[in-house]
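Listed next as structure tokens is one chain, alone, in the form predicted on its own.
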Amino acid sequence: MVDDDRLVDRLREVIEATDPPPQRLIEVAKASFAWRTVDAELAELISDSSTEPALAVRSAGEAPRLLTFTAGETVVVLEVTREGGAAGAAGEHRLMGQIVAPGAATVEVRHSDGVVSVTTDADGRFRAAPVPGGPISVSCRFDDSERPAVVTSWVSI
């Protein structure tokens, strides 16, 4: 930790002890945070491999779950794998993603414990881990300012 970080931490402690922000202000700030993606297009779930009939295939491990979302001409495909396989870490997952039509973007995987933020490669691929089990939504903000942001609907993994 550098000296500036210690100073900021110390200032935060002093302010919280002497003049904490009103609870209403905190609630309003959190509510306004949800509006930051209001202009994004909502990508709807069009395919979920967990709802498709199981194939008669023998597998040594748990098969990844495939999710496909679409918004306009943008398709977001996610492969969800439990970290460490079926007996892996408690509830942690790895997401491998592909944006079609590809483009450089910042991808945020929003989940109950926070956000995992990553960038795509030139082909629109990305990887996010660890992501806890539970509801997730993926936000894609493209470097091309003409291309609208896309946010997937929430889905439980």
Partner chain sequence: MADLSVSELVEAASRGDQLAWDRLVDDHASLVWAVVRSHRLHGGDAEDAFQSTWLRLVENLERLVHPDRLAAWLVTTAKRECLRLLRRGGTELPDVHIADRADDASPPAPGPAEALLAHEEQVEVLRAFQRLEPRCQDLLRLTVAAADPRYTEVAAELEMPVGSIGPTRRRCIEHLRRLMHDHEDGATDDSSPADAHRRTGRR
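If you superpose the two forms and keep the largest set of C-alpha atoms that fall within 1.5 Å, you have the rigid core. Only a predicted model underlies this, so the values are computations on that prediction, with no experimental measurement involved. Positions refer to the first chain, counted from 1.
One more form of this protein should be noted, the form predicted in complex with the partner chain, which is absent from this view; the next part is about it.
Contact between Leu66 and the partner chain in the model of the complex is not found at the 4.5 Å heavy atom cutoff. At least one heavy atom of Ile157 is located within 4.5 Å of the partner chain in the model of the complex. Within 4.5 Å of some heavy atom of the partner chain in the model of the complex lies at least one heavy atom of Val28. Contact annotation: Asp144 falls outside 4.5 Å of the partner chain in the model of the complex, judged by heavy atom distances. In sequence order, Gly134, Pro135, Thr152, Ser153, Trp154, Ser156, Ile157 are the residues of 121-157 having a heavy atom within 4.5 Å of the partner chain in the model of the complex; the partner itself is omitted from this view. Glu13 shows a C-alpha shift of 2 Å or greater between this form and the one not shown [criterion: core-superposed Cα displacement of 2 Å]. Note on Arg10 and Gly114: their C-alpha atoms are more widely spaced in the model of the complex, a change of at least 3 Å from this conformation.
Relative to this form, the distance between the C-alpha atoms of Val8 and Ser117 is increased by at least 3 angstroms in the model of the complex.
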